[in-house]
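Here you get one chain, nothing else, as structure tokens; it is the form predicted on its own.
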Amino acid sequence: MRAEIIAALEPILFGDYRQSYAIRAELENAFAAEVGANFAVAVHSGTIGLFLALRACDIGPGDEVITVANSDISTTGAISQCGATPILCDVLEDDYTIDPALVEALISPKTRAILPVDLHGHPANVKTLRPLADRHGLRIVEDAALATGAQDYGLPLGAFADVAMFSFAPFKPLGSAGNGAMVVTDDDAIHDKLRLLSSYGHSDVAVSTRHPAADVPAGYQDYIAEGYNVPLDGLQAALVLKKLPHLGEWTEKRQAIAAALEAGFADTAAHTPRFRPESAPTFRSYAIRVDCQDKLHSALRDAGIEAVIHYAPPIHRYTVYAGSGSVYAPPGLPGADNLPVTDMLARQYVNLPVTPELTADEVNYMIETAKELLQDM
């Protein structure tokens, strides 16, 4: 795609700077169509995307948001930076996503939202959470950063949430050359707030219209909120726009590689993820679980296989949260000191690559090498 990408970047690098605005708008429209959403707002990063999504849902000081600890710190950080408190829920051993059966016990009078994470590209069961959220008057903000291209119940992710965020960071299923994200929603009011907050809080209505009695010179601007200057830059927008038509093909290749890995590890000591029949993951990586995490990870790297360990330790074990009380749950309920599945998974994860560029020989080498190593461990 080199020539196609360079041709897309040239007008932004060497032409009218307003090209960036047009390209960003084109990407927003195309991405909204791709995921079946009414609105899409392209922003600078997944972290700011989650933060703006929460702000657009009126999450603020004193509120609580139920989420998980087996994620990136952006998940809890976005909540805390709104002034709210993350309430941690344990996850399912099968697909590593939030356990819907544990959520209702964590709801308090302060709860305002649920923030499920589609970890490793595995769809959380947001459809099951929807009636629970509606019954308690809660918003659902879906962290789909790792899951662009995945589906659940036959629909793109975000269909059962109030707002969802997809990341374009490098190595994501649809990555840019830098940071980037898309926040999508079907809600008019949430969209208006997202648009406002992502562009300085600037009003599109002229100052003279808002204050007709004032003697305001032409060209003055008005701001109706304290927003942020965080739109996706034109270079990243142009790159992602060129890659978007290939998302379906790349997703199918990721899924095929994951299927080969699942079959390859069938008779080994490795535990592979298990999914609901209606779930169609996209696989940011393929996360197996083993009791020899450190040894297998190091040996795979030595063999030239890009194995990594993602989301270990879990968030509640990070130094920044030690003793702070900033992530917690009521005594006796799943929380920072009672997340047994989350802690177990963190000790076992080994993530294997599933990038579409992998050849059949490379996938087979990965499987055979891992199988030999597991026999010796």
Ligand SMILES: Cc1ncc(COP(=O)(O)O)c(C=O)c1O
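As the structure is a prediction and not an experimental result, all values here were calculated from the model. For every residue, the number given is its place in the sequence shown, counted from 1.
The form predicted together with the named molecule is left out here; the points below concern that form.
Visitor: So in the predicted complex, are Ala40, Thr148 and Ala164 all sitting within 4.5 Å of the named molecule, heavy atoms only?
Guide: Not a single residue of the candidate spot has a heavy atom within 4.5 Å of the named molecule in the predicted complex.
Visitor: Just one stretch in 220-228, 71-79, 301-309, 103-111 has heavy atoms within 4.5 Å of the named molecule in the predicted complex, so which one is it?
Guide: Residues of 71-79 come within 4.5 Å of the partner.
Visitor: If you check Ser45, Gln348, Asn351, Asn338 against the named molecule in the predicted complex, which one has a heavy atom within 4.5 Å?
Guide: Checking each option against the named molecule in the predicted complex, the one that comes within 4.5 Å is Ser45.
Visitor: Which residue among Val141, Val117, Leu232, Val184 has a heavy atom within 4.5 angstroms of the named molecule in the predicted complex?
Guide: Answer to the contact question: Val117.
Visitor: Just checking whether Gly180 would be counted as a contact of the named molecule in the predicted complex - the rule being heavy atoms within 4.5 angstroms.
Guide: Taking the distances in the predicted complex, the answer for Gly180 is yes, it comes within 4.5 Å of the named molecule.
Visitor: Look up in the predicted complex whether Lys172 has a non-hydrogen atom within 4.5 angstroms of the named molecule, and give yes or no.
Guide: Lys172 belongs to the contact set for the named molecule.
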